[in-house]
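The chain that follows stands alone, in the form predicted on its own, written as structure tokens.
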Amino acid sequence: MIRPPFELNAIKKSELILAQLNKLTCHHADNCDTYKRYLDAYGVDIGGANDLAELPYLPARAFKELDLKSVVDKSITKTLTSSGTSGLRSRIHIDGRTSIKQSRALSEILKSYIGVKKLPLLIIDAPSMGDNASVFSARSAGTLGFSGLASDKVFALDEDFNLNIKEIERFLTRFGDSEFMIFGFTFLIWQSLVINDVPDALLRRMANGRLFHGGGWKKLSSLGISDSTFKNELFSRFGLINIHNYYGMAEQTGSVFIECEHGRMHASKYSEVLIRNLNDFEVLQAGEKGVIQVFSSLPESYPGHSILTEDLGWIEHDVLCQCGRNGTAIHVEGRIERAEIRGCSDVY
């Protein structure tokens, strides 16, 4: 079955998303003075891109150095923050309209994996990550996003990040005999479930879970732990088969790339991907490794619709995946060492 967020063929999707992104470029140029000055400095034909490669992009670092927003302050309902290795924090300003669009997109994408029925959710994190504040982190944003699609939820850790065995046991007693979701930060899952001393009573009782995890790969890579090692350990300890890594960023909440059953992260109808050469930023062909550029048709309150990330990867175009999902497939290989892709702030 072809899932709705992935139903468009390559030609139809490229036409649709290019039009949406050109419109967003015009919108942000009209409403964000800093962004407009950046486009003018580079001589961009605003709204006139003929293909994705011509769309102007911001380096991800711009959101750490500049306060970028395309709405008045009173329209902002949430501010999402994320920190980098430099210690600088991104600030992503979200209004009500953008928040609704991002939530709906995440819901549609996730339903292509779990179906339309809400499932119980075991969150491998502390309850404070579920606080619905006006200023919140990328990790808490993910927790809130997945929580909104759950029929019930339990936090597996206490505020000291120790396993809350009683809560987990109660959850598995109620829901462990049928399918349920597990969500968490990749490194926290490894630290809490894999290398921790989990009681035998919990082992194999989590086999019906469908795990969604993302972030934290830098720490695991430094320990020599690969994606296959991560999956193998979770299978051997808990019998977990359905494990989905996902790729996303605070600047493009909602248009997340979730790993399918065959190991590919497909771009939904809300997103697209290009790969650029790290030296001259020319667009590379499918299969060639370079720096990832991501597009999202969702952000209206800030100019985050075209971003050059600080991550390396490669793509497959027009792949006929056995999962039935259309869309460019992205493969992420990790962060660029000492990443600092500049541009916007230099010009400004």
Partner chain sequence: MSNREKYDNAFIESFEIKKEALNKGLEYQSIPQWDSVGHMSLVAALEDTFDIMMEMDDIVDFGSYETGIGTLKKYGVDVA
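Because the structure is predicted, anything quoted here is derived from the model rather than measured. Residue numbers count along the first chain shown, from 1.
The same protein also exists as the form predicted in complex with the partner chain; that form is not shown, yet it is the one meant from here on.
Proximity of R97, I100 and Y270 to the partner chain in the predicted bound form is complete: all three residues have a non-hydrogen atom within 4.5 angstroms. With the partner omitted here, the residue from R104, K218, R170, R89 that has a non-hydrogen atom within 4.5 angstroms of the partner chain in the predicted bound form is R104. Contact with the partner chain in the predicted bound form, defined as a heavy atom within 4.5 Å, holds for exactly one of R276, K231, R237, K78, namely K78.
Contact with the partner chain, judged by heavy atoms within 4.5 Å in the predicted bound form, is confined among 239-247, 105-113, 198-206, 155-163 to 105-113. Under a 4.5 angstroms non-hydrogen atom cutoff, the partner chain in the predicted bound form lacks C32 among its neighbouring residues. In the predicted bound form, the partner chain lies farther than 4.5 Å from every heavy atom of I307.
Within 4.5 Å of any heavy atom of the partner chain in the predicted bound form lies no heavy atom of L55. Taking non-hydrogen atoms only, V291 never approaches the partner chain to within 4.5 angstroms in the predicted bound form. Using a 4.5 Å cut-off on any heavy atom, the one residue of 288-306 that reaches the partner chain in the predicted bound form is L298.
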